[in-house]
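Have a look below at one chain only, the form predicted alone, in structure tokens format.
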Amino acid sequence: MIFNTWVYGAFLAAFFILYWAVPARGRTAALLLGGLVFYTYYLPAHTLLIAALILATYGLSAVISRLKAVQADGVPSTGFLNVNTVFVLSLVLCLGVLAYYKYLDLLAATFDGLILLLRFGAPYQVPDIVIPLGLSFFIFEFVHYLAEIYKGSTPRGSLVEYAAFGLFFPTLVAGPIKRFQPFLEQLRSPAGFRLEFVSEGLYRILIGLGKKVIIADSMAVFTGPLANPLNAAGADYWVAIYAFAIKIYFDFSGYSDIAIGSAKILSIQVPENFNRPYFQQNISAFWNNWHMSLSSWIKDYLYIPLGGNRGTFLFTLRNLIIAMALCGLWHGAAWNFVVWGLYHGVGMSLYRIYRKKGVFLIELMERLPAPLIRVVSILITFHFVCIGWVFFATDLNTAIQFFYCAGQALICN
């Protein structure tokens, strides 16, 4: 189901009545049932996929927990079946499913491009694959759960609780990306019905719908040059960039508002996702406030495992760039998203270099009035982000063409 449709509105209203009609001890099962109905409406075959993944990852987490308990008793792991091996296999399962459904086409297209370039062999035929709805989001949640079980920092929960977590319909399609332990605590200590939760949730849903339908969708009229840069001129290029920046923010944050509001009317709290990102004074602060549940996931499960800032300065910059490139790839199976991620990785690296090495510039900036520094910093950060959206909005060839045409228009004027 898509949030901005009457079908979702009818489903949410019906589920709201069901959820509060059942006793508190039955609400976890009700959430599981609601998630199954919600997901099956889109494509029944994919419900089997997510159900199989839930069973497999839960089973693997049980094996990991058991092996850790054996290790804690002083029995050393021997042979193939050890904690590290099972954990790696569980990650391979999750990421393998993600790679097959979302990235096989990209890999095949890249392979075919190399064949064409080298004039060797026949193109690889990719089967028609329908990407499961919300695949990237629930895979990331499963990886988070397995990683925390591996670290021993979260309880496993029952199978029903874990399935309710994985199939929680407000966040299933477009996030925010949840963490298991806070969600489990709310399942085990459910809040009672409160009218203010309903009013706050409905208000948030209406705000989200307004963002999506009224603002984001209306920006499509102005973003045409991003797809057809040859048909634009003059200020059209900047209008398109600003319009897309508005569109993508209100689109993403609108969906997050609807998800957060839908959870709120069920008295369940999920993470916030956006906090005035376009008003931040540097690119690092932007990412701390843009798609926050994803940013924190990237930090905890990519950047830190890569080594984070535990090493030389160049090592830290390398980790930043790799993490952001993979963040870009998560957003879409095309090279333009990788370039977009690299663009932000380089931007964050340059900011780190400035903070560490640019002592003279920092001292010079501190002599200026604080309000002026704030305004200039926000404008620079905003425009850096806006220029990056060009790579996000269209394929790589068209993005390059867009920059060329925009540059020509700027020179001629």
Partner chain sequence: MRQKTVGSITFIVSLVLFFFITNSLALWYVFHQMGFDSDFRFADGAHVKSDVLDLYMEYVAGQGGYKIAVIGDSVVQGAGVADRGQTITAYLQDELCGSYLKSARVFNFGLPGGRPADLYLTVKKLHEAGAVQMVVVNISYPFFSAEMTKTPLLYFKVWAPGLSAEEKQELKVPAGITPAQAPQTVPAGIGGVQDIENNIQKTVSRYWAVYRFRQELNRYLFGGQPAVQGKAYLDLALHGITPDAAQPAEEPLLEEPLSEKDKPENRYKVWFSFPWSDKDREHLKNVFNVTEEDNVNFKYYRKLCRYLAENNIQAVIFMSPVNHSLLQHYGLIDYSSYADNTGLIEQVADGSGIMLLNYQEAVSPDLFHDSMHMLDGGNALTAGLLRRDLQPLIEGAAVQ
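If you're wondering where the values come from, they're calculated on a predicted model, not measured in any experiment. Residue numbers count along the first chain shown, from 1.
The next section is about a form of this same protein that is not shown, the form predicted in complex with its partner chain.
With the partner removed from view, the residue among L135, L104, I321, A233 that has a non-hydrogen atom within 4.5 Å of its partner chain in the model of the complex turns out to be A233.
A single residue from the set L314, A191, V130, L81 has any heavy atom within 4.5 angstroms of its partner chain in the model of the complex; that residue is V130. Remark: E185 does not count among the residues lining its partner chain in the model of the complex, judged by a heavy atom distance of 4.5 Å or less. Proximity of S199 to its partner chain in the model of the complex: non-hydrogen atoms within 4.5 Å are present.
Of the heavy atoms in L43, some are within 4.5 Å of its partner chain in the model of the complex. The closest heavy atom approach of L114 to its partner chain in the model of the complex falls outside 4.5 Å. When contacts are defined as a non-hydrogen atom within 4.5 Å, none of L326, Y343 and Q401 contacts its partner chain in the model of the complex. Of the candidate stretches 81 to 89, 328 to 336, 302 to 310, 236 to 244, only 236 to 244 has residues with heavy atoms within 4.5 Å of its partner chain in the model of the complex. Contacts with its partner chain in the model of the complex, taken as any heavy atom within 4.5 Å, map within 200 to 232 to L202, Y203, L206, S218, V221, F222.
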